[in-house]
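Okay, here we've got a single chain as structure tokens, the form predicted alone, with questions on binding and movement later.
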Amino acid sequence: MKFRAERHEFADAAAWALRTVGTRVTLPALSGVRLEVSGDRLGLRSTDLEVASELSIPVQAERDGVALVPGRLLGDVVRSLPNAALSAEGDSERLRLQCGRARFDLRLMPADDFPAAPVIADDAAAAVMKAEEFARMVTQVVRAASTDDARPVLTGVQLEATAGSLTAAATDSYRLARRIVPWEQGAEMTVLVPRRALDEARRSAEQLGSEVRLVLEPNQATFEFGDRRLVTRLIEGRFPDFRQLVPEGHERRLEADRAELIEVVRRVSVVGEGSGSTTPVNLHLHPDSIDVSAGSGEVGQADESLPGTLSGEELQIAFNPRYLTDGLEVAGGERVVLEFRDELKPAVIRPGEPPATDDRDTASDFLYLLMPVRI
């Protein structure tokens, strides 16, 4: 292969591809980035067998070819390149890069060992979403997914596409997050996507903006951002029927300033951070105020009050402070609503008002369910 490229375009493309390079792999080829020159495009691919990324950039090509470059080495080289035009020439064993007065001679890996690119079916369920809307959906839901590989189905996010909507849901058995967004393609499919893959897709959506094309298939999900693509394998197994967990009603409804409640919970809960375990934070709900407290006589205690409006009888209930602040953070908006039945039943967190957007979002399309802690 032989080509010339803009330094910033090549460096940006390489950095994006490096995010899915395998780090702990049994197949050495997975630790590399595959470069392929075809016509006037340079394609880059990487995979760790869970998530695969591919993209292409325009180049001035003189000779087509393929090279598999060690990922760590490519990353180190790209970060050190001077601000000048880049030229590259390689054979089956080495790739020579020149950028300004800097020259690099890189030993290559066998390109034939690299896995074939995932194939996307022409009739796969697909829809286009705004990048901002997609990133917000993932941010709101993915925190509730488990990080414990002992139960693989809980480490994923279920995406359920129906005729008019896409529902994203995640749970680690202590909390549940669910978000519904419009899905106008009419395609129907339910898949379980790994948490890490959705996080990578969210980062790309935030970085690249514009639109995301989401393609759902029985064995994989694809996220396309113009000339960039992320493909992830799916998690096998049956996701819990989360709709049975959502209460049909509530006896108490609390409304408060979201940012203030987050700040108070964080400040009060610091007394438990040094105890080796997560100390619950207690909420004592009054008609026009919320008393927040945490700690014990052995470690230390803290309490603080803030304004709040309660509909229904007073209640004292306790939560894991990190799970509580996670839900409050992703709810969005200036106000937040918490719905309760009693001190032993799960609480539901919802935005206090519709988001200030011009699309069809509503305040009811997101909820975060949280199990209380017995005290």
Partner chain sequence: MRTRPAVGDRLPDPPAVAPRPAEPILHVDMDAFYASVEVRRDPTLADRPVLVGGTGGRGVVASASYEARAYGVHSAMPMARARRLCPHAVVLPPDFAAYQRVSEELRAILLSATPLVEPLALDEAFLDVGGAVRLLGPPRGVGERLRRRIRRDLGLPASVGVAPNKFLAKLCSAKAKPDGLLHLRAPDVDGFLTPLGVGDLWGVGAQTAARLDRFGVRTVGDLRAVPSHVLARLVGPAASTQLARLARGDDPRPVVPHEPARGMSAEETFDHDVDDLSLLRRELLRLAEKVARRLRAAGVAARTVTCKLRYANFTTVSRSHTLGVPTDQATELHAEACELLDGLRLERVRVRLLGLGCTNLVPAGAARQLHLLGEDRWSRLDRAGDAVCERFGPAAVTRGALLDEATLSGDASATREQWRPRDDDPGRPRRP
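Residue numbers count along the first chain shown, from 1. Note that this is a predicted model, so its numbers are computed, not measured.
Not on display, but discussed next: the form predicted together with its partner chain.
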{"item": "In the model of the complex, the one of Arg151, Arg72, Arg203, Arg253 near its partner chain [non-hydrogen atom within 4.5 angstroms]", "value": "Arg151"}
{"item": "Heavy atom within 4.5 Å of its partner chain in the model of the complex - residue from Thr190, Ser80, Ser210, Ser173", "value": "Ser173"}
{"item": "Which of 45-53, 32-40, 59-67, 315-323 sits within 4.5 Å of its partner chain in the model of the complex, heavy atom basis", "value": "315-323"}
{"item": "Contact flag, Gly332 vs its partner chain in the model of the complex, heavy atom cut 4.5 Å", "value": "no"}
{"item": "Pro194, heavy atom within 4.5 angstroms of its partner chain in the model of the complex", "value": "no"}
{"item": "Partner contact for Gly272 in the model of the complex: its partner chain, 4.5 angstroms, heavy atom", "value": "no"}
{"item": "Contact of Pro218 with its partner chain in the model of the complex (heavy atom, 4.5 Å)", "value": "no"}
{"item": "In the model of the complex: members of 234-251 within 4.5 Å of its partner chain, any heavy atom", "value": "Pro240, Leu245"}
